[in-house]
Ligand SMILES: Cc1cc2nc3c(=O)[nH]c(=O)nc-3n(C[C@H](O)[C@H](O)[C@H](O)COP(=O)(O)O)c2cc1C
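Below sits a lone chain in structure tokens, taken as the form predicted on its own.
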């Protein structure tokens, strides 16, 4: 690389060698797992949520959503917080911090009342945590006094955040639930309580599949199932939406964000950073591919930065935010008509079928030559471009300005296949 690329970042005053952390989850719940992830190159972890007592889990507790032979795109998880007591977890955290002093030990905690939150804050601080993440968002707790039921109540979020702040000197991050219409409301509660940042999003309440033999959801636990958290690549669009809404709210714009939700590749990481996240948390992709994915993400992020002339993460964090605008402010004066490269076309007819059945009947398909032609009915919706299975066969073409609209420069999308 011609320029020195620096992937490190100071997040809440804590130096992180890179922005990639494991999120509080099954991928980081004991010494051996976290030691391995640190050795491979992760910048830090948010240790699996510590409660007062260990959890009693069900079996099985995972399910997936597939799409036509791909690796799973969505993941359902019925697991709760740590299986260890807080005392056992404190010993593990203490040993990890001793053995890996330059790595960042974020510790997620969850209590059911003021006393539990206060105790966990004090004890995890003493154990060597670098920052505390408050889990207001787990959707599958067996107690309504914990998890996302708390996270949907801005007053409780404010109250417990304040309790924790009174019992630690560490940076405090409130982990937000997506199981709510306006994530800004509990985030403002966290801010009032003294939170230094928010992390978003946790998993989305879901039923992924129905078992038609046992007549219940999946996974099947002795003939029954339950609603629980959904994660993976499928939730990335929702995570990005919530981060943009948080960062564009005047009261929350300066509140740092740790981004979570479907991060699998370096490009996913770049997208979260461009919307204002300063720290990145990963779980589901590790469960598919292992800890080594961080090597690809670090390399890809560094290559992106070099290609765009960035030398530090701060150079581009939040750069996309000004261009995410209310839909009523979008420029509707033109249409970009797709063009078809007939030399690349394989004659599958998907563009014509999708346009007729789901668009504007603007593609004629010659059944003898098996070649499509775009007609004057085209309105530039780009459905055809998105369903075409051939790379760069259908691309953006002519810009047509609507009647009465003044021609002007138009920035267009070029990358459709990343």
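No experiment lies behind these values; they were computed from the predicted model shown. Numbering follows the first chain given and starts at 1.
The form predicted in complex with the named molecule is left out here; the points below concern that form.
- Put simply, residue 287 is close to the named molecule in the model of the complex: some heavy atom of it is within 4.5 Å.
- Although the partner is absent here, residue 108 lies within 4.5 Å of the named molecule in the model of the complex, judged by heavy atoms.
- Taking non-hydrogen atoms only, residue 151 never approaches the named molecule to within 4.5 angstroms in the model of the complex.
- Though the partner is left out of this view, residue 202 does reach within 4.5 Å of the named molecule in the model of the complex, counting heavy atoms only.
- A heavy atom within 4.5 Å of the named molecule in the model of the complex is found for exactly one of 258, 89, 228, 135: 135.
- This chain appears without its partner; in the model of the complex, the one residue of 177, 161, 80, 206 with a heavy atom within 4.5 Å of the named molecule is 80.
- Every residue in the set 26, 232 and 283 has a non-hydrogen atom no more than 4.5 Å from the named molecule in the model of the complex.
- Note on the interface: of 188-196, 259-267, 311-319, 244-252, the segment with non-hydrogen atoms within 4.5 angstroms of the named molecule in the model of the complex is 259-267.
- Contact annotation for 44-73: residues with any non-hydrogen atom within 4.5 angstroms of the named molecule in the model of the complex are 48, 49, 62, listed in sequence order.
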